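Only one chain is shown below, in structure tokens, and it's the form predicted on its own.
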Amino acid sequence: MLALRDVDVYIQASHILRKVSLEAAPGELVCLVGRNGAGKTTTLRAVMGYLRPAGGTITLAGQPIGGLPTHAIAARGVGYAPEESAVFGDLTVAENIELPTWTRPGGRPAAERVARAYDVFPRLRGFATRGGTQLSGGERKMLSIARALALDPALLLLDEPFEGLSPAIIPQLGESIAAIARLGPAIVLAASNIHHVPVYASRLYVIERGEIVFAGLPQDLRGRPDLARIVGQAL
């Protein structure tokens, strides 16, 4: 579904991504792990069209999307839940979730998409009429992902979905992401700590200083003490 090949990204004069290659197939949850500033968010933002690659290719279902405007990439079925959990504060929870059904009108009926978002995040049902700014940090994170899910995405990008959340809500959010994975989209999840990589992850990539330094199965990290300082765990 998603393939990056030798992607380079500059921000002003800084070379942020260096020949980054990764892929995610339908039904896979692929994790991109690295310390803050390693290039995780830049990678997701390049896929989403916020940043234009200086080199390499980004394809979605075999079609090039690198350099397309963000709205065109969303219309092709790429959902994005940013790290900051940005929601529209002047809209209600229900309106936030409904918004992507207008952004991408094709595919499943709007009512079905909204219902599926509430099924995955049932806690949001009770907050449907509440404003976006009236939610806790964990609830905003849920809303951000539910809104991306309502796009009916073929590819879902999740940037640090567990970062900054209370330990009590992390398992609940993890179960919701597992439910999304069972629905079949390709998922790329960025995390700064290996502890935030779900046990059901298909594969993972480790990024350091804008370069992919490991690609493989999560269990393949064992016996790689050289990666311990990057992923935040003694292996």
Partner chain sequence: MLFLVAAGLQLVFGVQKILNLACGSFYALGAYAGVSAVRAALAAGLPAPLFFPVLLGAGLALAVIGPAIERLLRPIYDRDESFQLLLTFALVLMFEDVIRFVWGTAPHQLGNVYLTYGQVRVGALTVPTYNLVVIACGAAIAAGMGWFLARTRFGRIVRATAENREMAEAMGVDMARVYSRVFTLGVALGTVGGALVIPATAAVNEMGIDLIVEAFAVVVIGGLGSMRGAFAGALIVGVVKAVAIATWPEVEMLAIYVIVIAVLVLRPAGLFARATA
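Residue numbers count along the first chain shown, from 1. All figures in this text were calculated on a predicted structure; none of them were measured in a lab.
In what follows, reference is made to the form predicted together with its partner chain, a form of this protein that is not presented.
Problem - Triplet Met48, Val78 and Leu151 all within 4.5 Å of its partner chain in the model of the complex via a heavy atom - result: Contact check passed for all of Met48, Val78 and Leu151.
Handout entry: Partner-facing stretch of 63 to 71, 28 to 36, 191 to 199, 204 to 212, counted where any non-hydrogen atom is within 4.5 angstroms of its partner chain in the model of the complex
Key = One stretch meets the cut-off, namely 63 to 71.
Practice task
Answer with one of Pro82, Gly131, Gly107, Gly137: the residue that has a non-hydrogen atom within 4.5 Å of its partner chain in the model of the complex.
Solution key: For this set of options, the contacting one is Pro82.
Exercise for the section: Sort through Val87, Met142, Leu155, Ala117 and report the residue having a heavy atom within 4.5 Å of its partner chain in the model of the complex. Expected result: It is Val87.
Exercise for the section: State yes or no: in the model of the complex, is some non-hydrogen atom of Glu95 no more than 4.5 angstroms from a non-hydrogen atom of its partner chain? Expected result: The answer is yes: Glu95 has a heavy atom within 4.5 Å of its partner chain.
Exercise for the section: Look up in the model of the complex whether Pro100 has a non-hydrogen atom within 4.5 angstroms of its partner chain, and give yes or no. Expected result: Flag for Pro100 set to yes.
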